[in-house]
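Just one chain follows, in the form predicted alone, and it is written as structure tokens.
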């Protein structure tokens, strides 16, 4: 709900509105208009609150109900007394701007396996102009017997990569537990605390998209530094579920959220493709929210032979960036080797994706 104050409204009038909002257990945000009027956004469950509850107060010009349950991230917002479309949020990470005019590509291995492996990927990725390296230090796997990542040691290697190659790092936070080291001891901090203290972008995997307590804790831990969060869509989640998960993070103090599509579970799960690439969700999210949209063609397809075509389709559909898995020797990868593209394949994808993005920009 949006409350438009009149031009002659006094501070006491706004205070009366604030008291009524709080009396219903709701929250609010104030947008100060350039024309001298204020707009108050009311947040929370307004299903039992009528517009007249606020419109009868002195100083209130009009009340507009917005039906969307994800109010903070919605593209529609109030400014200068009018409901308008908000521009896509531009999130700055080092030299890259995610949500700007350029396509941002993040590339790297599914998981850090060794210092040599990570440095080899970083070297060729940086040589191609990739500004952000992806790499998992903590890996939530379907099987408890699969490689679970190197933990804090993996983060240390990624830290060395950042220093040596000037790459920013996106890595996944998997939970609030303490990682068990190879010697059987536990790390001092939780996985979430470790990743938040280290990462340039904190990735929330598909498995944690609906872990709402985790999202709230993450938002509060990242709110002071406004560390960007990349939220992945759950494999069986609706788009509204996805948007509300993002709303959890923004509502708890961190507005720097980017949405990442990584394929959904449908009929097709076979040797042809791992998931169904949700390309059609890109224009929907671009229309519904002002947050940047990233597409992961690696997880969406599951096979490196499909990655290029789906990546280009995502760019054509309006994605702000791509998250691509690459490995110096995919056949020996400890995690998701089948979907990791090679160095030459990554180079071809970057060349074609940037050319496509430029062509689309020139044609308007």
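The model shown is predicted, which means the values in this text are computed figures rather than measured ones. Residue numbers count along the first chain shown, from 1.
The same protein also exists as the form predicted together with a small molecule; that form is not shown, yet it is the one meant from here on.
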{"property": "Answer option from 205, 154, 131, 99, heavy atom within 4.5 Å of the small molecule in the model of the complex", "result": "205"}
{"property": "Contact label in the model of the complex: residue 320 to the small molecule, heavy atom within 4.5 Å", "result": "no"}
{"property": "4.5 Å heavy atom contact, residue 286 to the small molecule in the model of the complex", "result": "no"}
{"property": "Close approach of residue 150 to the small molecule in the model of the complex, 4.5 Å, heavy atom", "result": "no"}
{"property": "Contact label in the model of the complex: residue 110 to the small molecule, heavy atom within 4.5 Å", "result": "yes"}
{"property": "The small molecule in the model of the complex reached by all of 139, 262 and 299, non-hydrogen atom within 4.5 Å", "result": "yes"}
{"property": "Stretch in contact, per heavy atom within 4.5 angstroms of the small molecule in the model of the complex, of 131 to 139, 161 to 169, 118 to 126, 68 to 76", "result": "131 to 139"}
